[in-house]
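So this first bit is one chain, no partners, the form predicted on its own, shown in structure tokens.
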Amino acid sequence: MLDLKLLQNNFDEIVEKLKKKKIKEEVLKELKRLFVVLKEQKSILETLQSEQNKKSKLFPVYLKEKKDVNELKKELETNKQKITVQQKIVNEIEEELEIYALNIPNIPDDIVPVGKDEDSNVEIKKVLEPKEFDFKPKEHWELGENLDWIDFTRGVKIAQSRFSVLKNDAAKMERALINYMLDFNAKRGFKEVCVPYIVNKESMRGTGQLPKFEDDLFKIEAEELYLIPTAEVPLTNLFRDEILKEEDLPILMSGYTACFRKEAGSAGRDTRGMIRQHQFDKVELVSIAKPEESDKIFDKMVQCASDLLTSLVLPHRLVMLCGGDLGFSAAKTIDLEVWLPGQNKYREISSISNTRDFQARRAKIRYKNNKKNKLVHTLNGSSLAVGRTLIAIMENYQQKDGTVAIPEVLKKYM
């Protein structure tokens, strides 16, 4: 959540920075106004409470001096009623302010490029050269159907559109990729954690999915529970409402989960194949760090995901997201885009983000530093989206006869 005191004290600067995320100045002015009103109403409440305390202390004095306390009782009762009314006013403004603030995105770092959408993202570098084929490479959905690896029709039959069924060697490779990714990340210091696929409302709020993105979540009917859109949610919220020991930081985690998304804003996009599914597998990286260490850990996470793709001999590129394409909770993000020869383009396969203290403030994740409690920094990233990795292998490792070779590093897993 946005630091409201920071907004109050540096309003013009924060407005300029949030313009990168297309947030209008009027929205922030209303947030600032609410903050000022809350401060004023709290001051009134504190004055009434102070007066109540002072007058309450007069009781033993009056009794000792044998003075009439009836008038004092009336004054205290009247003041008590005023406090009750004023407390309600403060509570209502606090609720309104929190709801408003929870919908304001994180402040982008200065390094984040200005831009409206993905067309303004900045390429950092390419890793590995795309393979030259002596035949026209097929797209993954054609390969999948020809090899009897992917059944799109039955996926729709048992669920709905944007669901698919993996079969035979594709199902084996999906499982092999999950195991390989977790082992690869463990060697880089990311400890494996297995978490629930269902979380409560507080967890979704803690990492920024609620309240703003409720329409994209699968909610369990009659329950305040949700299917997770990414393992970032349960992994980060493991430490919600906790004060960590400084010596335990950084905490580096990796976890596999299925992910569930309605893809509410993607109507008409990637309707064929497995690029954009309602359910997909992903191996996630999540780090909890001290503020001064978070940039170094961010680089470590990006390098880990890039090296993982390199080990699979999959050409890819690193892209810095512009403000208009930056996620709600992210202060900065680097996407890794893998080359898909069948589509003749790079497609996102991983997204590594530093959220600074944005999620930590929402989820109240702190650490003890010189007897003071400070907010941690949280970082998250895909390592990798398993289905998209399978797609990339199918398209990059396809043979002229329509078969698909197996990457060398996966052979012992299959």
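This is a predicted model, so every value here is computed, not measured. One-based numbering along the sequence shown.
Absent from the display: the form predicted in complex with the RNA. The rest refers to it.
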Heavy atom within 4.5 Å of the RNA in the predicted bound form - the one residue of 124, 243, 258, 156 that qualifies:
243
Verify the contact flag for residue 52: yes if a non-hydrogen atom of it lies within 4.5 Å of a non-hydrogen atom of the RNA in the predicted bound form, no if not.
yes
The RNA contact in the predicted bound form: residue 296, any heavy atom under 4.5 Å:
no
Could you confirm whether residue 77 comes within 4.5 Å of the RNA in the predicted bound form, counting heavy atoms only?
yes
So in the predicted bound form, does residue 369 come within 4.5 Å of the RNA, heavy atom to heavy atom?
no
Given a 4.5 Å cut-off on heavy atoms, tell me which of 381-389, 23-31, 36-44, 344-352 is the interface stretch with the RNA in the predicted bound form.
36-44
Can you confirm whether 115, 167 and 175, the three residues that make up this candidate site, all sit within 4.5 Å of the RNA in the predicted bound form, judged by heavy atoms?
no
Taking the RNA in the predicted bound form, which residues of 4-18 have any heavy atom within 4.5 Å of it?
5
